[in-house]
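As structure tokens, one chain now follows by itself in the form predicted alone.
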Amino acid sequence: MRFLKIAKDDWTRGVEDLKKSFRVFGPVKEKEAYDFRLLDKGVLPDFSFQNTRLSPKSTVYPQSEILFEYTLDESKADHHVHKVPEKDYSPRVILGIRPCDAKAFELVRLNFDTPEYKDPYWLSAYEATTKVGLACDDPCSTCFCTSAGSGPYDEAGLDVLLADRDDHFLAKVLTEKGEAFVSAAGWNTEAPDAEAGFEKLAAEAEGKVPGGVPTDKLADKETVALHGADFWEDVAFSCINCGTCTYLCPTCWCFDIQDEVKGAEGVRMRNWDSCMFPLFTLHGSGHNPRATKVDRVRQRFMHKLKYFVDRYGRGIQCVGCGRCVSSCPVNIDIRRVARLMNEFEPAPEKCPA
């Protein structure tokens, strides 16, 4: 680990040099929102944002991705053979990712990289990616990262952490990937006294994060009792099952697989899916185990705040980015639901008469 000082006068040159070795993704403003996009030559990341509308998870996990292609034309020797299409796993950089979004990749990896199963598409893209964080000195009013095991200066999942200091950036180089990044950009001005400054900035930023969201009792809650809690009808009442929360969420990983065929040519692809959609759990028989809106809303929160804890014995499947809070069209707030779940106590059983 070492610290560098990157003068903003040298920033543009460095970013352009990076594009010679990496595909560079960064935040770009589109209308009123910021999203991560592949930066063309001459385009710089726009760091004048609090948080992007969408997380950068699509840089590793595209919203739609072709897994195989095939032909049904029996006159061709390779008919009915699934072939992996050519994919670009060349080195890439996510420049300006917030610490909460970087930590989200570590949570998502638990799903795509297990001892039993490894997703080659996700892992290949992940391993090709260098994550350069932008510390969050001005958290949003909906942020609660410090309650979700992250923080404005959290280093989990990052290769480099940048702090914006007016006329320069301080860079904390954390990994070998981070070293390759700064080398490709030609940034090498050491800042050996920056460590204490980083700690001070981190403490100040954490102090600006809104009040805590309690999750400390979730692990001890009885799962079946919490599933049957009396507040789920109230939580789900206004939900319109639009799926905005899941598409914005950096830790949602659910997908659907479908075949698309035109004539004799076809592809098998996967697309982001959402537990908010009625078709998500519809069986071929016509039965749907989550047929009602209440079932689907409860599943979302139970998965993130309880089932994840039960399976992994730690944390929650949330990094506190606040996107679902700020963008929900009917004002459903995961912070409120977390409090309800954390404080829930089942009614005492009545003695038989």
Partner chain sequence: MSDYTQKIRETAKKLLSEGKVDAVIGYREGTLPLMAEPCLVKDPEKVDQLVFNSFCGVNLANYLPKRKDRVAVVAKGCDSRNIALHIVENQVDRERLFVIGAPCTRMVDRRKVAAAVGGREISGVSEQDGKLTVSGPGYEQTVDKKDVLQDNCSICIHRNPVLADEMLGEKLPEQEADRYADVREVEAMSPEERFAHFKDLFSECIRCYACRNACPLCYCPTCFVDESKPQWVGKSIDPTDTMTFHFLRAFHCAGRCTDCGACERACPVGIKVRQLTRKLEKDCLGLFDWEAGMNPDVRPPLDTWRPEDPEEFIK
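Positions refer to the first chain, counted from 1. All figures in this text were calculated on a predicted structure; none of them were measured in a lab.
What comes next is about the form predicted together with the partner chain, which is not displayed.
Residue contact check for Thr71: none of its heavy atoms lie within 4.5 Å of the partner chain in the predicted complex.
Within 4.5 Å of some heavy atom of the partner chain in the predicted complex lies at least one heavy atom of Gly243. Taking non-hydrogen atoms only, Cys254 never approaches the partner chain to within 4.5 angstroms in the predicted complex. Although the partner is absent here, Arg53 sits close enough that one of its heavy atoms falls within 4.5 Å of the partner chain in the predicted complex.
Proximity to the partner chain in the predicted complex, taken as heavy atoms within 4.5 Å, picks out 274-282 from the listed stretches 78-86, 123-131, 216-224, 274-282. When the partner chain is considered in the predicted complex, only one residue from Val182, Ala205, Leu162, Val235 comes within 4.5 Å through any heavy atom, namely Val235.
Think of it this way: in the predicted complex, the partner chain has a heavy atom of just one of Ala191, Leu110, Met269, Ala229 within 4.5 Å, and the residue is Met269.
Contact check at 4.5 Å (heavy atoms) against the partner chain in the predicted complex: none of Thr12, Lys177 and Lys200 pass. Residues of 318-348 that come within 4.5 Å of the partner chain in the predicted complex, judged by any heavy atom, are Val325, Ser326, Ser327, Cys328, Pro329, Val330, Asn331, Ile332, Asp333, Arg335, Arg336 in sequence order.
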